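Coming up are structure 1 and structure 2: the same protein chain in two forms, each one given alone as structure tokens.
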Structure 1
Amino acid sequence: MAEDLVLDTAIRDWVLIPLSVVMVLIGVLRYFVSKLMRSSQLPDAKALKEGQVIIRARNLKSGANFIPSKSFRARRVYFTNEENGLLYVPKDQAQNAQAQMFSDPNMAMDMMKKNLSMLIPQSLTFAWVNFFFSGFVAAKIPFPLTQRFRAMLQNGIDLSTVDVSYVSSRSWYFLNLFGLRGLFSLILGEENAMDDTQRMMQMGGFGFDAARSLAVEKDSLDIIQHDWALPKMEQRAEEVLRKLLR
């Protein structure tokens, strides 16, 4: 490995630059396609209400000591009673929640759209890169790196003797795929730059399980000990006034 590899300038002109340009263009295109396909879904009343109930229950939990205990108890019963309490979810319904989510065609459709808009172009570009540009060195970075970077930079070349600072074309594709987020946020605006890494993460935990968080709130409301803070306030007010009058 004494002498350097000489890279043809044609590689720069026909691989490196086109690849980057294509990646950017695909990112932009995908943004517009997903914008077109995004259905503006109306939030349904139940989900809205559940969110609000949770906020209100949390408020009740954190502010419980500021209202008289009679009022607190009335509210707690309102939230947690087992007949029609807001936070109470019947057993059978709780189990169905997950299934319901899947059976809801709108939601499934939406998810599919999201995934398709991500998967199709990605697999197409990957196939394209693989087909045309696989297995050769496309660029060299101007500083040395340790062996550990080999997997990152020389994907597709199984040569252990090539210096690590050379980047294979397939790795260049991956670097672009994950590294263009900053550029997209410049082109498309801050919040629009949803890069692939994020999307992949989102795929994992979609939707939130309303029934479960309702149950959690219910339990924590149930165990609250009400300790009215106001009687102490009189003493504190006294202190405040004493200080004021001094």
Structure 2
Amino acid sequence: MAEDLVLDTAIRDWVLIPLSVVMVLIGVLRYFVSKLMRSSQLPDAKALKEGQVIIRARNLKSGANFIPSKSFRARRVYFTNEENGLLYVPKDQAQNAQAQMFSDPNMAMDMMKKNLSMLIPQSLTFAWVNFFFSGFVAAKIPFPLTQRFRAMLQNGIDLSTVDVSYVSSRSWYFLNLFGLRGLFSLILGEENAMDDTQRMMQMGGFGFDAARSLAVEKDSLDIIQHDWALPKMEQRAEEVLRKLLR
């Protein structure tokens, strides 16, 4: 049977609150450091153009049913024509993102800076938490949980008799690491509040693969089935106006 613990208020004052404050400060500091380390090189005009083409193609897909069939077919040919379509990329000109990264040293350097700004602060913070606060029961969640959450919430505590709702200091560190996006969106703004989960997912990537994205959008436009959602809308609008003017 799980045991109920009485948490000392000193743990709240010297473990729980300091951990939370330090995690927030490190997140804000890392944002400004990565901003200073960011390359001042102007964006590539070709990459910007390809990104805008992809956005326009997606807008066409989302609003396809609100334009007549003839207009949609004309726009689709404009994007997907294999002679001069905006989304068509010849095979000899296609270059994957990994090859582009190795051919552009600035891109590789920017990725290295981003990864270092992520890895170094979090490694040092985790070592600090593991050295000074290892084994502490820092908080208690105010609702019951199943045993599946024990490994996530009680990392560093090898006691199966403790209730699952108690959170260890090490687990509190990870909860803050992956769950502070809402707070960072208030402090830094929504577009600058990427959480560490997304950063970790991007660390293994090689950037924006324009050729692959263009090909995906081209295939999506080729197979889309147009179904005009506004048939005879002009006649209906005319009838409504006539009734109102009577």
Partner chain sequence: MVGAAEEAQLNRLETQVDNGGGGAWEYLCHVRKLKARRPDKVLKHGLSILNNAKARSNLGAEEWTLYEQVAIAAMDCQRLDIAKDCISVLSKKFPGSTRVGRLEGMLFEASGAWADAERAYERLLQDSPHDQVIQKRKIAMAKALGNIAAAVEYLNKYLEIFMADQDAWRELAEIYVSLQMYKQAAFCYEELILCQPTDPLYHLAYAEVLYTMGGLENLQTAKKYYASAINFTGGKNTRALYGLCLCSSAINQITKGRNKEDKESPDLQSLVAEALVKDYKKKAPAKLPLVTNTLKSMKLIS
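All residue numbers here refer to structure 1's sequence, counted from 1. Each form is matched to the other, and the largest set of C-alpha atoms that superpose within 1.5 Å is called the rigid core. Keep in mind it's a predicted model, so treat the numbers as computed, not measured.
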(request) Would you indicate whether the form predicted together with the partner chain is structure 1 or structure 2? (result) 1
(message) Please determine whether the C-alpha atom of residue 30 is displaced by 2 Å or more between structures 1 and 2 following superposition on the rigid core.
(response) no
(request) Establish whether a shift of 2 Å or more occurs at the C-alpha of residue 78 between structures 1 and 2, with the two forms superposed on the rigid core. (result) yes
(message) Quick check on residue 221: with the core superposed, does its CA move 2 angstroms or more between structures 1 and 2?
(response) yes
(message) Fitting the two forms on their rigid core, what distance in Å separates the Cα positions of residue 51 between structures 1 and 2?
(response) 6.9
(message) Please report, in Å, how much the Cα atom of residue 64 moves between structures 1 and 2 when the rigid core is superposed.
(response) 16.6
